[in-house]
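Take a look at this single chain in structure tokens; it is the form predicted alone.
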């Protein structure tokens, strides 16, 4: 059974997140997107943890479902092609660890995944002695990441600890601003307990495979969604039944049950290239090296991005892949494809209306982007979309990398002229 799993996201109790990040919102958008197992996010927050206990019930081992009375009301608003998909929840939380180590302030975000409410209660009991868990869905704790890992291991060996978006400059294990140069440096004698890392939006498995330390551990991807519409923008694919312990075991062993990941094009991430947003300076790794990391406009230190940082720590060349490599699929979200075909903003009503029509006709977004033959998409009344989806599946896209907090742009067409030419080709069909 193939499962699409998104372990890292947030609730409406985290800062700068959508008010619709409720269990109901996650359930509905999980079905629309085609995500099978959704992380709850934010289980450390007392009010959110209370909501989780009130609205979820046990399903398969270590997984939960939305209570039937709540789910039924949501399903009424969904088409038959969407509502039939099963959704499960898994207890997860991101924790921000800020502390001093080896003479430097470290800022690491870590993902914790647990199999039961009882385990989460124990985690929260430890952490509430260290910091204010009510202040934010993603709590900020003055706790060494290694000590957080120790707490998890002490409570239950089936709790999984994963360094999050490991290349992000400001808050990550390998981040250029406050991270470390190795897992060993960050976790000392417990480095062997790090069995997986999360790519983050600005890197992909190909980039991570260049790092010697990451050769024998799992590379996973998640959305880090701050709104329900963003869940699944990155995700991990498994071949196993609904079962917490199978999912966790597949990650720990990095075996055949972990099929691969669904990825943002990493250039779209907002820290892929180097630069200064204020100075409107964007640079490749080679350009940054020539400038000795100094901005040519303001002459201050550049924000060094993920691509540079990977090259700095890499033991293998660009394009290297290990023998046991997993599948990597790149996507552009369906609303963004529709918006570009129409030549309008993704937030317009016409894009929303078309998106609803497409998934109500064909099924969930991942099925459309990944599986449904393009011929069937065309025959269903969406010929332009069928050709656009084919371009994305073949990675035939135009790329403008992100930098210093500015998202990159992934386009189907280089410019408006190319888009109109595409429309002209369609009229001939």
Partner chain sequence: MNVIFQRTSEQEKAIKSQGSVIVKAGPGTGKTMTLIGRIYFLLNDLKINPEEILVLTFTQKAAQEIKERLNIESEKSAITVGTFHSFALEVLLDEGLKIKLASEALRQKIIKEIILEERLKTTARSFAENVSNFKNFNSNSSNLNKDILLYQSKLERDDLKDFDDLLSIFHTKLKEDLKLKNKLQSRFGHILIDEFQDTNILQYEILKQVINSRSHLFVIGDPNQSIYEFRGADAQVFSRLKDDYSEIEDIRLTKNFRSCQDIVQVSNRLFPKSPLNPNQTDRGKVMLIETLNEYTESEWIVNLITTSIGGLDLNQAVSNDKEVNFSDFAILYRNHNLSKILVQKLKESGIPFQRIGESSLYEKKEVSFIICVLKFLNHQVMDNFYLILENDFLNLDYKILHKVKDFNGKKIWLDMKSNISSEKGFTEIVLKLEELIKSFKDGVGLQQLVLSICDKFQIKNESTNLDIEQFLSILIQFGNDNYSIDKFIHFISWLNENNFYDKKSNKVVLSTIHSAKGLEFKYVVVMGFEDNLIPIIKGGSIKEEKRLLYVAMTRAKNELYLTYTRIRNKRKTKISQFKNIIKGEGIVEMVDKSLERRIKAKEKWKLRNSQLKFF
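Whichever C-alpha set is largest while still superposing within 1.5 Å between the two forms counts as the rigid core. Numbering follows the first chain given and starts at 1. All of these numbers come straight from a predicted model, not from anything done at the bench.
This protein has a second form, the form predicted in complex with the partner chain, left out of what is shown; the following refers to that one.
- Just one listed stretch, out of 208-216, 337-345, 86-94, 164-172, contacts the partner chain in the predicted bound form at the 4.5 Å heavy atom level, and that stretch is 164-172.
- Taking non-hydrogen atoms only, residue 132 approaches the partner chain to within 4.5 angstroms in the predicted bound form.
- Looking at residue 328, you'd find every heavy atom of it more than 4.5 angstroms from the partner chain in the predicted bound form.
- In the predicted bound form, the partner chain sits within 4.5 Å of a heavy atom of residue 103.
- Within 4.5 Å of any heavy atom of the partner chain in the predicted bound form lies no heavy atom of residue 187.
- In the predicted bound form, every residue of the candidate spot (98, 128 and 140) has a heavy atom lying within 4.5 Å of the partner chain.
- This chain is drawn without the partner chain; in the predicted bound form, the residue among 150, 226, 257, 122 with a heavy atom within 4.5 Å of it is 122.
- Note on the partner interface in the predicted bound form: the residue among 409, 420, 15, 414 having a heavy atom within 4.5 angstroms of the partner chain is 15.
- With the core superposed, residue 413 shows a C-alpha displacement below 2 Å between the shown form and the other one.
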